[in-house]
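We begin with a single chain expressed as structure tokens, specifically the form predicted on its own.
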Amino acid sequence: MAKHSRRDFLKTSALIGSATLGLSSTAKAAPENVLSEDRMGVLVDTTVCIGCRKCEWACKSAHDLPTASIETYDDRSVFSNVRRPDDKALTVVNEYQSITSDKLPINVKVQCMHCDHPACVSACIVGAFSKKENGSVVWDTDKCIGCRYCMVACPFQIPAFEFEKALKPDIKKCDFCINRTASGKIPACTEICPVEAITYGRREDLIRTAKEKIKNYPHRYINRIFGEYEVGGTSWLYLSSKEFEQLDFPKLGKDPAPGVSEAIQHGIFSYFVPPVALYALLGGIMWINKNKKHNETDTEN
């Protein structure tokens, strides 16, 4: 009986060892994570935005999301509540009271910030998120396993999950109009803005422009560019006449915000080991230990 158990133990050990070796030889699922000096960005001047919400309509149209006619976006009743981007609207505009005039509110466009050191890229266990050379942070549906760690990791609470789609849900967020920019166009929201409150360009140039505006109009802007340093820097940058925390921007430090469980996740999944394979491996080890204890009990008896 003892010999048979030892033989089974060695067989199982060999099988698990082979499986582990096979898994370790699989190509890594490392995401693309490029931080180019020439990466692009967008500067949003909230003192110029008039809250027309045409950017919302343009974004939906560019991403084939259901939308009403552009005329319906003149409805300002939506500003009665603070809204967040979701799976049906990748960007939204909110309205806040100005410190100088009730007739001139502050309007703030909200979307993915496309961080320089994205927490979603760090947290994703299968490399479904990537930081591209042009500054955009994008998501690959073919790699995603629906774990939703990206939603937990994001300091701006942006990635949205299509809970209503049971068979093939996606993660939805602004992709910086990567298909448009790849063909030489500018992001749809930037192109349609009637007052040029949204400027697309090289990130370093936009920071220079923002600093010049603050210097030239010190009574118009607070002395801060949101996104220049927050969580290591973001591709979307903001100017404001009011403290950003009063406009529902999160209070963040300068250090990048990596995924909370990055070390564990990447240690386990760095070779694209599907969860079922991992559980099978752990199950095999548990089976060995269980039988070993059982055999030791039989020997004592």
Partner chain sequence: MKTKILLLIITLPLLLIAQNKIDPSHQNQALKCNMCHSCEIPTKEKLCLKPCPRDKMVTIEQTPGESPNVITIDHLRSQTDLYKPVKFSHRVHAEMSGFGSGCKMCHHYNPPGKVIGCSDCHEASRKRTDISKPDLKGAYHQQCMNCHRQWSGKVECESCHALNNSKQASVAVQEKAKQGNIVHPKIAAPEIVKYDTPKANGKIATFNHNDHTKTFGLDCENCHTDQSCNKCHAKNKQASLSSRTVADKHAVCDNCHNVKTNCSMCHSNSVKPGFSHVARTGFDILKNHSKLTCNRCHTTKAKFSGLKADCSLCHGTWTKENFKHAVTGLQLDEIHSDLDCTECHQEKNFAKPTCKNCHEDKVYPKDKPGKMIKK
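Since we're looking at a predicted model, the values are computed, not measured. Positions refer to the first chain, counted from 1.
The following text describes the form predicted together with its partner chain, which does not appear among the structures shown.
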Listed residue (L247, L239, C49, A58) with a non-hydrogen atom within 4.5 angstroms of its partner chain in the model of the complex: C49
In this chain shown alone, the residue from L90, C193, V93, C177 with a heavy atom within 4.5 Å of its partner chain in the model of the complex is C193
Evaluate N134 for contact with its partner chain in the model of the complex, applying a 4.5 angstroms cut-off between non-hydrogen atoms, and reply yes or no. no
Contact between I222 and its partner chain in the model of the complex at 4.5 Å, heavy atoms? no
Could you tell me if R76 has a non-hydrogen atom within 4.5 Å of its partner chain in the model of the complex? yes
Taking heavy atoms only, is I186 within 4.5 angstroms of its partner chain in the model of the complex? yes
